[in-house]
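Okay, here we've got a single chain as structure tokens, the form predicted on its own, with questions on binding and movement later.
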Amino acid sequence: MADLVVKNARILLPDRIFDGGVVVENGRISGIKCNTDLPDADEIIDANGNYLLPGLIDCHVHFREPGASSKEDWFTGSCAAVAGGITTVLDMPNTQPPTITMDRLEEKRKIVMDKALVDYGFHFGATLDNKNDLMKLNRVASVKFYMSRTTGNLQVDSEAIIFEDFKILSEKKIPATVHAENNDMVEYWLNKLKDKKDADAMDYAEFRSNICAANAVNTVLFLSRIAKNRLHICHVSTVEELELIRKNKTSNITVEVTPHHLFLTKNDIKRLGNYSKVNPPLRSERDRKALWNAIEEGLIDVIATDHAPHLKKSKERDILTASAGLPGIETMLPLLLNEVNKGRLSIFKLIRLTSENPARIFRIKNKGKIEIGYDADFVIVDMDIEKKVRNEDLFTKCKWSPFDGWKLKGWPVKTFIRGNLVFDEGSIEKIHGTEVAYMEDGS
């Protein structure tokens, strides 16, 4: 007898929709069958004709532990993730202290293993002087390079060091992920912003302009081409970056965009005020349209949230000291399903951008597809549910969203991790998430 059967589903396979059910044994998918061929099981769940998608893999989150658990922690972040149909997250290294040594990576593992509901992996942080740690690395999703200032001792603005580190990672077959903004440009214009009387959120977005990002992307594309490493460019947001990537993209280059850059622009800054502050900032409508066009042409590989929650009090300061970052882990899937309903995005492209490609890019074993032998991570979505995003309904500890009040059609209703029903129409079931395994190192 199987452990779990989900029946009457429209199953999103990589190349087609299959009407039937999935069979789960020992946390893995053991069968994909017509409804009439499904076996008995300890638990049988009726999908009622809804889509069954592979669980989303959010490859860019900031769950804030250690060091800033007042904003988010691994339990509240996990609850928010599963409510948004996300079953695996990859956490960024700019915690307090940052994840830049092997010892700190192990300390972070100990914190997470008792609190996470979702499955998880870690990005390791590059610094100006941690090459010895990079040489020892295994069991990480990537090494993250912050080319401009961030939390912790993580700024790497030396092109020579970036190049040397890229060569190390090329040999180890570990991807480099990059926050690409030119630090000299950012600091130069932010210093000018300090002299501006009554500077506001719009000024901040204008002063941290497109050229800061495009210049840095140009640099890392060149360095990566010579180093022959795998490069993942985070939160691309501008026309200029896309033009450079289009000319230089190879199989070693992958590209990520965020929901806030896909759905918000500078026009939203008046509504959101300091709550709109994010790095890189919100861009123009021209930039936003270019991102969607790049998705359509296949230039974009991943949509990831860059979930960066902050409490309201840290946003309600003057613009220079207000925290930068937006929450987004609960709203990404509903936003994208709404686009599917509108005919703007295919459901197949959605699962490639949010499940299949993240698993492939970051070498995650047995995740990203509904396929026999893969982990039983999936989400049932009801494409007919229409409701508003409401701050008071959110699981994230910060309790606000830039999309508060938006009416969206298409929502996750049940989320499964390794065959465990973790999210069920608003209810959370506590399980222990596990760290992902990676293909190259066999961990």
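So that there is no doubt, residue numbering starts at 1 and follows the sequence shown. Keep in mind it's a predicted model, so treat the numbers as computed, not measured.
As for the form predicted in complex with a small molecule, it is not shown, yet the points below apply to it.
Colleague: Can you pick the one in N274, N279, T219, N210 that has a heavy atom within 4.5 Å of the small molecule in the predicted bound form?
Modeller: For this set of options, the contacting one is N279.
Colleague: Using a 4.5 Å heavy atom cut-off, which residue among S284, T150, N182, N357 comes into contact with the small molecule in the predicted bound form?
Modeller: Checked against the cut-off, the match is T150.
Colleague: Just one of 163 to 171, 238 to 246, 323 to 331, 183 to 191 has heavy atoms within 4.5 Å of the small molecule in the predicted bound form; which?
Modeller: In the other structure, the partner sits against 323 to 331.
Colleague: Indicate whether N94 is a 4.5 Å heavy atom neighbour of the small molecule in the predicted bound form.
Modeller: Looking in the predicted bound form, residue contacts with the small molecule include N94, since a heavy atom lies within 4.5 Å.
Colleague: Taking the small molecule as it sits in the predicted bound form, is A308 near enough to touch it, meaning that at least one heavy atom pair lies within 4.5 angstroms?
Modeller: Heavy-atom contact with the small molecule at 4.5 Å: present for A308.
Colleague: Should K414 be counted as a contact of the small molecule in the predicted bound form, where contact means heavy atoms within 4.5 Å?
Modeller: No.
Colleague: With a 4.5 Å heavy atom cut-off, would you call Y146 a contact of the small molecule in the predicted bound form?
Modeller: Close contact exists here: in the predicted bound form, Y146 approaches the small molecule to within 4.5 Å, heavy atoms only.
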